[in-house]
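Shown here is one chain on its own, the form predicted on its own, set out as structure tokens.
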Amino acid sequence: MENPKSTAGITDIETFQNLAPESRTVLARGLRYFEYQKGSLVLEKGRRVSGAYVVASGQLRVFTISPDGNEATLYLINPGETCVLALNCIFNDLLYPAWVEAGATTRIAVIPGTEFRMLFEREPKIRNMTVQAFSTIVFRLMAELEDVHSSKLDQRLARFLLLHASTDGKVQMTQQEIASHLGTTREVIARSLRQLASAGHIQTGRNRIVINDPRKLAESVGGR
């Protein structure tokens, strides 16, 4: 589901700089940029993948949907990183197994599968990026799995708020967005936020949460 407003050209992503001349020619032959607004769907489950997706700016959220319709974030893809599920699809001719949306206004470099496989064979930097992407995502997925099975929802919510808060303690997200990340419903998140607010740890407003004291919020759920 690529945005038709795409542009060709050599990307400024660090991994693709200083490649051999032949590799730069291969990259330029197929590289396209695509821009997505926050919340736009980038990939759908069951679709064929056109190539490797590398985030130039913004962020992608890879998520799954449970049988009851709740979303749960699998992992986030940050600038300079690539989607390992897409790589697995282009190397093994598989259909994409999840959904991907833009977590913010996001610019993506897409390298067609044929060209990416050629670069993978020729360039150590491309191989290193691929191996690092797989190892990073495996670590994130294991951490998330451990968190799901070992923590209560209020602990996971508190950690999520602390992780996504700005330097002034603000989390600019809706309750539905938080619920989608944590794999639950908006009603459950609303109830947990009310409890945190009643305890004086946070203040809630329209599409915004303010953490009063990050240290106390962390301590309030750290031992339970």
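These numbers were taken from a predicted model, which means no experiment stands behind them. Numbers for residues come from their place in the sequence shown, where the first is 1.
The next section is about a form of this same protein that is not shown, the form predicted together with the DNA.
**Q** To verify the annotation, which of these, 45, 29, 194, 38, has a non-hydrogen atom within 4.5 Å of the DNA in the predicted bound form?
**A** Contact residue from the list: 194.
**Q** Just one of 174, 50, 59, 64 has a heavy atom within 4.5 Å of the DNA in the predicted bound form. Which one?
**A** Result of the distance check: 174.
**Q** Considering non-hydrogen atoms and a 4.5 Å limit, does the DNA approach residue 186 in the predicted bound form?
**A** Yes, residue 186 sits close enough to the DNA in the predicted bound form that at least one of its heavy atoms falls within 4.5 Å.
**Q** Does the DNA come within 4.5 Å of any heavy atom of residue 68 in the predicted bound form?
**A** Result yes; residue 68 sits at the interface with the DNA in the predicted bound form.
**Q** Could you confirm whether residue 127 comes within 4.5 Å of the DNA in the predicted bound form, counting heavy atoms only?
**A** No, residue 127 stays farther than 4.5 Å from the DNA in the predicted bound form.
**Q** Verify the contact flag for residue 207: yes if a non-hydrogen atom of it lies within 4.5 Å of a non-hydrogen atom of the DNA in the predicted bound form, no if not.
**A** Residue-level check for residue 207: yes, a contact with the DNA.
**Q** Tell me which stretch of 30-38, 176-184, 158-166, 50-58 has a heavy atom within 4.5 angstroms of the DNA in the predicted bound form.
**A** Heavy atoms within 4.5 Å of the DNA in the predicted bound form occur in 176-184.
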